[in-house]
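Coming up is one lone chain in structure tokens, specifically the form predicted on its own.
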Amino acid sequence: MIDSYRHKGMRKQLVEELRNKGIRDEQVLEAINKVPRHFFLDNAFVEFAYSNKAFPIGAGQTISHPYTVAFQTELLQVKKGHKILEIGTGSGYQTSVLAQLGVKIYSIERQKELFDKTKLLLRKMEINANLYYGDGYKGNTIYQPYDGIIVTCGAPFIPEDLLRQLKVGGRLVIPIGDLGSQIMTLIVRDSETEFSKTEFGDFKFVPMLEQKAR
């Protein structure tokens, strides 16, 4: 696993591209700048690791566009020490970006093949994250409530369990919609019983599948 000067230079170019696309949170941009995205891709795609594109990572899943990762992370408005629940560990790239921001991250993946592969990679990279194999619809009640919850796959609806696990003032970032495209949605828990919703346009994610973990 080599992170060369060339890779670092390409990351800086990617950061500038994301800044030009409207990402304003400098902490998020710096986190993107620190994470070697090429570590998360198969060798066939390494040369394209710092283009703003999604790539297959196995098990029918993809690594998200860097812009999507930055956009969702920016919406979370995380602070160091925040407790964050991630639904869909995937390649571990989003997980690693969040870890760079100093949060306590708990991440769930329902694809066993991907879970095992990513767990080994993040351990090798010395990324501080708590990974779980399970059903993302159910969240993780052990460490609730969370300052933020990020869903990295397309959800047909907002899971009630995730809303319950969000602390008052917490933020849930979730793409909602069918297989074609989803609307990036921000849910803020205003009180024990009240939530507010803001929509941020169309994105494309692989679908969130229910009760696949065994």
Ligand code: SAH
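For clarity, every value in this text was computed on a predicted model and none was experimentally measured. In this text, residue numbers run from 1 along the sequence as written.
This protein has a second form, the form predicted together with this ligand, left out of what is shown; the following refers to that one.
With this ligand omitted here, the record of contacts in the model of the complex names 59-67 of 177-185, 161-169, 59-67, 46-54, defined by a heavy atom within 4.5 Å.
Think of it this way: in the model of the complex, this ligand has a heavy atom of just one of 101, 131, 114, 76 within 4.5 Å, and the residue is 114. Looking at residue 153, you'd find a heavy atom of it within 4.5 angstroms of this ligand in the model of the complex.
Taking non-hydrogen atoms only, residue 108 approaches this ligand to within 4.5 angstroms in the model of the complex. This ligand in the model of the complex is approached by residue 206, whose closest heavy atom lies within 4.5 angstroms of it. Residue 94 belongs to the set of residues with a heavy atom inside 4.5 Å of this ligand in the model of the complex.
Applying a 4.5 Å heavy atom cutoff to this ligand in the model of the complex picks out 135, 136, 137, 152, 153 from 135-171, in order along the sequence.
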